[in-house]
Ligand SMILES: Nc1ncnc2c1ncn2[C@@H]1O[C@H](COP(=O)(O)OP(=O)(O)O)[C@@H](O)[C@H]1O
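In the block that follows, a single chain appears as structure tokens, in the form predicted on its own.
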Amino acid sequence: MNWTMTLRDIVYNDSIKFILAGGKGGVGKTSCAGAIALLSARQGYRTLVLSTDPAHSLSDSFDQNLAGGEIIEIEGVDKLWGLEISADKGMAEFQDAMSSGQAGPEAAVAAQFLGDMGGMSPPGSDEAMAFGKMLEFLEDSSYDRVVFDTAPTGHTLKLLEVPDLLDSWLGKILTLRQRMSSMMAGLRAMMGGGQEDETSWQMLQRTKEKISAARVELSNPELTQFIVVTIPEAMAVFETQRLLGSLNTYSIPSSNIIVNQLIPENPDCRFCSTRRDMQQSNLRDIKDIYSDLSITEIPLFDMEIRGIEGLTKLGHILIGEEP
């Protein structure tokens, strides 16, 4: 795919399996992610929309409780499921497994030596759990498409760093295990234990391999597209530059910017006109800086975008089916 795809191209493209929406907090990325997921489901794709945002506003967007860490069918829509990732729940399960020895005796001993790593938790707990869930669905063939509502920019940038951090972290654990294996084998022999169970360490090695595979899939423009959502204000434009720079650094394909909450013309309102002039100036800057990207303009709605009806209306505008 060497051309710049519009949002319509992405939604209607059979090969696109992963769509990520991200941007500064409060710009409407969750609404956009929900609308894109709804469009995908109505195109016949079995679609999962999940949120890695600790704020969990996906439930508000669909006007349905998606909390609890379980996949839930979206009411009133065929082929659409939702999930809000519970990072706290996932991290608690991870730490229990490490401290209880479920990951092997060396891991429990290693936890004593690596206490400064947050009780053997991977770097960036929330982001690590979010990436772990992403990893799960990158491999899951149950869905034709997975739409990720990512956390605000700062968290998303940390999320992009997670593969490298986890790879390094797992490498340290595996190295420590190798150094300790002979000692643990001797202890087991003294205690009359049997041979070492390799299962847990094989699992860690496979996890490293999965991380490498995920990098490949997330950097493949025929499979993945990251949609940047912003508003025409100076701080949001700055965040957009920072996000797109990081996406480029990590080779995450991104060819679309949604500029949301554009104030319509209203000559009878001086305040509205002043705000609109400011927005239009920033919009021109966005178009100048990112002339090689597809830019979708979304007006400021006179109502809260919530529920299937609101997301449907937004979806039509996103793909140019409604003025």
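One-based numbering along the sequence shown. Since the model is a prediction, treat every value here as computed from it, not as a measurement.
Below, we refer to the form predicted together with the named molecule, which is not included among the displayed structures.
For the marked spot (G69, I72 and I308), a heavy atom within 4.5 Å of the named molecule in the model of the complex is absent from each of the three residues. A residue is said to contact a partner when one of its heavy atoms sits within 4.5 Å of a partner heavy atom; K17 fails this definition for the named molecule in the model of the complex, lying far away. For the chain shown alone, Q261 is a contact residue for the named molecule in the model of the complex, at least one non-hydrogen atom being within 4.5 angstroms.
Remark: S57 counts among the residues lining the named molecule in the model of the complex, judged by a heavy atom distance of 4.5 Å or less.
For the chain shown alone, T52 is not a contact residue for the named molecule in the model of the complex, no non-hydrogen atom being within 4.5 angstroms. Heavy atoms within 4.5 Å of the named molecule in the model of the complex belong, among the stretches 41-49, 265-273, 28-36, 288-296, to residues of 28-36. Residues of 284-309 that come within 4.5 Å of the named molecule in the model of the complex, judged by any heavy atom, are I298, P299, L300, F301, M303, E304, I305 in sequence order.
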